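Read the single chain below, which is given as C-alpha coordinates and is the form predicted alone.
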Amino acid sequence: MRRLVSGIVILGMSILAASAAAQTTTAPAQPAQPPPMTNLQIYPKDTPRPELVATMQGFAQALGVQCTYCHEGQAPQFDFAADTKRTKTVARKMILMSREITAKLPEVTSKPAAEVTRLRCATCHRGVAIPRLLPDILTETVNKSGAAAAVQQYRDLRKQYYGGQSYDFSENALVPVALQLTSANKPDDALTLLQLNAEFNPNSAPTYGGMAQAYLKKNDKENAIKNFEKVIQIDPNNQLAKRQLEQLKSSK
(Lines give C-alpha, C1' and ligand atoms only; values in the text may rest on other atoms or scores of the structure.)
Protein backbone atom coordinates (compact mmCIF):
# COMPACT_ATOMS: atom_id res chain seq x y z
CA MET A 1 0.00 0.00 0.00
CA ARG A 2 2.83 2.34 0.89
CA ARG A 3 4.48 1.55 -2.43
CA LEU A 4 1.25 2.42 -4.25
CA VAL A 5 0.85 5.73 -2.43
CA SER A 6 4.50 6.60 -3.02
CA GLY A 7 4.12 5.81 -6.71
CA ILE A 8 1.07 8.06 -6.98
CA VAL A 9 2.89 10.92 -5.22
CA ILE A 10 5.94 10.56 -7.43
CA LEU A 11 3.73 10.44 -10.56
CA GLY A 12 1.89 13.59 -9.48
CA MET A 13 5.10 15.43 -8.82
CA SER A 14 6.43 14.40 -12.23
CA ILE A 15 3.29 15.71 -13.95
CA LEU A 16 3.54 19.04 -12.13
CA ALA A 17 7.22 19.36 -12.99
CA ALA A 18 6.53 18.59 -16.65
CA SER A 19 3.67 21.09 -16.74
CA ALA A 20 5.86 23.81 -15.21
CA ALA A 21 8.64 23.05 -17.68
CA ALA A 22 6.19 23.25 -20.60
CA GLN A 23 4.91 26.61 -19.42
CA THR A 24 8.49 27.85 -19.11
CA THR A 25 9.45 26.80 -22.64
CA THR A 26 6.26 27.92 -24.39
CA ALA A 27 5.75 31.28 -22.71
CA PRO A 28 6.07 34.00 -25.37
CA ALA A 29 9.01 36.34 -25.06
CA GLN A 30 8.15 39.86 -24.06
CA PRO A 31 8.64 42.28 -27.00
CA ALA A 32 11.45 44.75 -26.56
CA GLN A 33 10.22 48.18 -25.63
CA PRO A 34 11.05 50.87 -28.22
CA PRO A 35 13.51 53.49 -27.05
CA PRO A 36 12.04 56.77 -25.80
CA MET A 37 11.47 59.49 -28.36
CA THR A 38 14.08 62.24 -28.25
CA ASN A 39 14.87 65.48 -30.08
CA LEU A 40 11.23 66.40 -30.70
CA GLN A 41 11.30 70.05 -31.75
CA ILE A 42 8.04 70.59 -33.63
CA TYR A 43 5.70 68.31 -31.70
CA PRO A 44 5.21 68.17 -27.90
CA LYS A 45 7.65 65.88 -26.15
CA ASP A 46 4.76 63.93 -24.57
CA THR A 47 3.12 63.16 -27.93
CA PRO A 48 1.98 59.51 -27.86
CA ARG A 49 4.20 57.33 -30.02
CA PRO A 50 1.34 55.91 -32.19
CA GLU A 51 0.14 59.45 -32.94
CA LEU A 52 3.59 60.62 -33.98
CA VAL A 53 4.21 57.51 -36.08
CA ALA A 54 0.90 58.04 -37.91
CA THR A 55 1.85 61.67 -38.57
CA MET A 56 5.23 60.68 -39.99
CA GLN A 57 3.61 58.04 -42.19
CA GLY A 58 1.26 60.72 -43.51
CA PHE A 59 4.25 62.89 -44.45
CA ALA A 60 5.91 60.00 -46.26
CA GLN A 61 2.75 59.24 -48.23
CA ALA A 62 2.19 62.89 -49.15
CA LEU A 63 5.72 63.17 -50.55
CA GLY A 64 5.92 59.68 -52.01
CA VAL A 65 9.11 58.90 -50.03
CA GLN A 66 10.43 56.47 -47.42
CA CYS A 67 11.72 57.17 -43.89
CA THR A 68 15.27 57.35 -45.24
CA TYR A 69 14.39 60.57 -47.06
CA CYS A 70 14.74 62.50 -43.78
CA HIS A 71 16.16 60.01 -41.27
CA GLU A 72 19.53 58.32 -40.91
CA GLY A 73 19.89 54.55 -41.04
CA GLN A 74 17.97 51.67 -42.57
CA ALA A 75 15.00 49.70 -41.27
CA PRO A 76 14.75 48.59 -38.57
CA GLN A 77 17.81 50.50 -37.28
CA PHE A 78 16.86 54.15 -37.79
CA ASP A 79 18.42 57.04 -35.91
CA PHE A 80 15.31 59.18 -35.75
CA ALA A 81 16.93 61.71 -33.42
CA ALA A 82 19.81 62.57 -35.76
CA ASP A 83 19.66 65.92 -37.55
CA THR A 84 22.35 65.22 -40.13
CA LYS A 85 20.10 65.23 -43.22
CA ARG A 86 19.19 68.57 -44.78
CA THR A 87 15.77 67.23 -45.79
CA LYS A 88 14.83 66.81 -42.13
CA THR A 89 15.71 70.43 -41.38
CA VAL A 90 13.71 71.59 -44.39
CA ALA A 91 10.77 69.42 -43.31
CA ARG A 92 10.66 71.11 -39.92
CA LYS A 93 10.62 74.54 -41.57
CA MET A 94 7.89 73.47 -43.97
CA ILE A 95 5.72 72.23 -41.10
CA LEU A 96 6.07 75.57 -39.34
CA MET A 97 5.39 77.45 -42.56
CA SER A 98 2.20 75.49 -43.24
CA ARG A 99 0.99 76.17 -39.71
CA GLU A 100 1.68 79.87 -40.16
CA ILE A 101 -0.20 80.03 -43.46
CA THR A 102 -3.14 78.05 -42.06
CA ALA A 103 -3.32 80.45 -39.09
CA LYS A 104 -3.58 83.42 -41.49
CA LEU A 105 -6.29 81.93 -43.68
CA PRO A 106 -9.29 83.00 -41.54
CA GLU A 107 -8.19 86.63 -41.80
CA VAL A 108 -7.37 86.40 -45.51
CA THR A 109 -10.59 84.59 -46.49
CA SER A 110 -12.87 86.22 -43.90
CA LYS A 111 -14.02 82.80 -42.80
CA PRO A 112 -14.16 81.18 -39.36
CA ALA A 113 -11.13 79.05 -38.58
CA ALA A 114 -13.30 75.93 -38.63
CA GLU A 115 -14.29 76.61 -42.26
CA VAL A 116 -10.90 77.24 -43.86
CA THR A 117 -8.99 74.48 -45.61
CA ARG A 118 -5.94 73.53 -43.60
CA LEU A 119 -2.68 73.57 -45.53
CA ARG A 120 -1.14 70.10 -45.55
CA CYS A 121 1.87 68.50 -47.23
CA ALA A 122 -0.38 66.85 -49.81
CA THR A 123 -1.87 70.23 -50.74
CA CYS A 124 1.25 70.97 -52.75
CA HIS A 125 3.25 67.75 -52.97
CA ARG A 126 0.46 65.41 -54.13
CA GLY A 127 2.66 62.33 -53.74
CA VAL A 128 5.97 63.70 -55.10
CA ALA A 129 8.91 65.04 -53.12
CA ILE A 130 9.43 68.09 -55.36
CA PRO A 131 5.99 69.47 -56.30
CA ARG A 132 6.71 70.82 -59.77
CA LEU A 133 3.91 71.09 -62.32
CA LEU A 134 4.06 68.88 -65.38
CA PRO A 135 4.19 71.80 -67.89
CA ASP A 136 7.20 73.26 -66.07
CA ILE A 137 8.98 69.91 -66.05
CA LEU A 138 8.41 69.31 -69.77
CA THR A 139 9.32 72.87 -70.76
CA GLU A 140 12.66 72.55 -68.99
CA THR A 141 13.32 69.21 -70.68
CA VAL A 142 12.49 70.58 -74.13
CA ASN A 143 14.86 73.50 -73.64
CA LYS A 144 17.68 71.33 -72.28
CA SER A 145 17.32 68.06 -74.16
CA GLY A 146 14.80 68.53 -76.96
CA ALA A 147 11.21 67.58 -77.66
CA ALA A 148 11.92 63.86 -78.09
CA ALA A 149 13.30 63.68 -74.55
CA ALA A 150 10.24 65.53 -73.24
CA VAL A 151 7.96 63.05 -74.99
CA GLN A 152 9.76 60.12 -73.36
CA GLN A 153 9.65 61.88 -70.00
CA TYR A 154 5.90 62.40 -70.36
CA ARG A 155 5.40 58.72 -71.18
CA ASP A 156 7.49 57.65 -68.18
CA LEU A 157 5.67 59.96 -65.78
CA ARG A 158 2.28 58.93 -67.14
CA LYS A 159 3.14 55.26 -66.74
CA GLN A 160 4.21 55.80 -63.13
CA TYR A 161 1.68 58.36 -61.90
CA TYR A 162 -1.43 58.18 -64.10
CA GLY A 163 -4.57 57.82 -62.03
CA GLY A 164 -3.07 59.61 -59.05
CA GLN A 165 -2.98 63.24 -58.07
CA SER A 166 0.70 63.95 -58.70
CA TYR A 167 0.48 65.35 -62.24
CA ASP A 168 -2.16 66.67 -64.61
CA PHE A 169 -2.48 64.28 -67.54
CA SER A 170 -5.71 65.82 -68.83
CA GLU A 171 -6.10 66.80 -72.47
CA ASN A 172 -5.27 70.46 -71.80
CA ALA A 173 -2.02 69.90 -69.89
CA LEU A 174 0.31 69.92 -72.91
CA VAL A 175 -1.46 72.58 -74.97
CA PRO A 176 -0.12 75.63 -73.06
CA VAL A 177 3.41 74.20 -73.28
CA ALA A 178 3.05 73.80 -77.04
CA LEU A 179 1.64 77.31 -77.50
CA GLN A 180 4.60 78.74 -75.60
CA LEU A 181 6.97 76.82 -77.85
CA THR A 182 5.16 78.15 -80.93
CA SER A 183 5.47 81.70 -79.61
CA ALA A 184 9.18 81.06 -78.99
CA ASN A 185 9.56 80.15 -82.68
CA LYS A 186 9.82 76.43 -81.98
CA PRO A 187 6.81 75.15 -83.93
CA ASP A 188 8.34 71.73 -84.62
CA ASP A 189 8.81 71.08 -80.91
CA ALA A 190 5.25 72.28 -80.33
CA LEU A 191 3.93 69.86 -82.94
CA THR A 192 5.84 66.99 -81.36
CA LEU A 193 4.11 67.56 -78.02
CA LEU A 194 0.71 68.15 -79.61
CA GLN A 195 0.94 64.94 -81.61
CA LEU A 196 1.70 63.16 -78.36
CA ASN A 197 -1.36 64.79 -76.80
CA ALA A 198 -3.51 63.73 -79.76
CA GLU A 199 -2.33 60.15 -79.26
CA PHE A 200 -3.91 60.08 -75.80
CA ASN A 201 -6.73 62.56 -76.54
CA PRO A 202 -7.80 62.09 -80.18
CA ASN A 203 -10.90 64.28 -79.78
CA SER A 204 -9.24 67.29 -78.17
CA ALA A 205 -10.18 70.44 -80.07
CA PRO A 206 -7.55 72.61 -78.28
CA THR A 207 -4.87 70.15 -79.40
CA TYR A 208 -5.71 70.55 -83.08
CA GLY A 209 -6.09 74.28 -82.61
CA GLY A 210 -2.55 74.34 -81.24
CA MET A 211 -1.37 72.34 -84.25
CA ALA A 212 -2.99 74.85 -86.57
CA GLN A 213 -1.13 77.69 -84.84
CA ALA A 214 2.17 75.80 -85.09
CA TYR A 215 1.66 75.18 -88.80
CA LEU A 216 0.85 78.84 -89.32
CA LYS A 217 4.15 79.68 -87.66
CA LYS A 218 5.78 77.44 -90.27
CA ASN A 219 3.81 79.16 -93.06
CA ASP A 220 2.17 75.82 -93.82
CA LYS A 221 -1.35 77.02 -94.62
CA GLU A 222 -2.57 73.68 -95.96
CA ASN A 223 -1.95 71.84 -92.73
CA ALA A 224 -3.20 74.81 -90.71
CA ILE A 225 -6.50 74.65 -92.61
CA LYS A 226 -6.77 70.89 -92.07
CA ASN A 227 -6.32 71.29 -88.33
CA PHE A 228 -8.77 74.18 -88.03
CA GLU A 229 -11.30 72.03 -89.89
CA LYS A 230 -10.62 69.26 -87.40
CA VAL A 231 -11.28 71.70 -84.54
CA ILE A 232 -14.65 72.69 -86.02
CA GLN A 233 -15.55 69.07 -86.65
CA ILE A 234 -15.04 68.33 -82.95
CA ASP A 235 -16.34 71.68 -81.66
CA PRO A 236 -18.86 73.16 -84.16
CA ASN A 237 -19.42 76.23 -81.95
CA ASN A 238 -15.78 77.30 -81.91
CA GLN A 239 -16.17 80.75 -83.45
CA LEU A 240 -12.49 81.64 -83.20
CA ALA A 241 -11.47 78.62 -85.24
CA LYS A 242 -14.19 79.40 -87.80
CA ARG A 243 -12.94 82.98 -88.29
CA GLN A 244 -9.33 81.89 -88.61
CA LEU A 245 -10.32 79.18 -91.08
CA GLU A 246 -12.28 81.69 -93.21
CA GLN A 247 -9.36 84.11 -93.22
CA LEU A 248 -6.96 81.40 -94.32
CA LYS A 249 -9.21 80.16 -97.12
CA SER A 250 -9.86 83.68 -98.40
CA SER A 251 -6.12 84.45 -98.51
CA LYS A 252 -5.23 81.42 -100.65
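All residue numbers are counted from 1 along the displayed sequence. Everything numeric here is computed off the predicted structure, so don't read it as measured data.
Just so it is clear, the following notes concern the form predicted in complex with a small molecule, a form of the same protein that is not shown.
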Which of 207-215, 179-187, 220-228, 52-60 sits within 4.5 Å of the small molecule in the predicted complex, heavy atom basis: 52-60
Position in contact with the small molecule when the complex is considered in the predicted complex, options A113, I101, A149, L133, heavy atoms within 4.5 Å: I101
Residues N39, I42 and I95 all lining the small molecule in the predicted complex, heavy atom within 4.5 Å: yes
Any non-hydrogen atom of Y161 within 4.5 angstroms of the small molecule in the predicted complex: no
The small molecule contact at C67 in the predicted complex, heavy atom, 4.5 Å: yes
4.5 Å heavy atom contact, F80 and the small molecule in the predicted complex: yes
Proximity of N172 to the small molecule in the predicted complex, heavy atoms at 4.5 Å: no
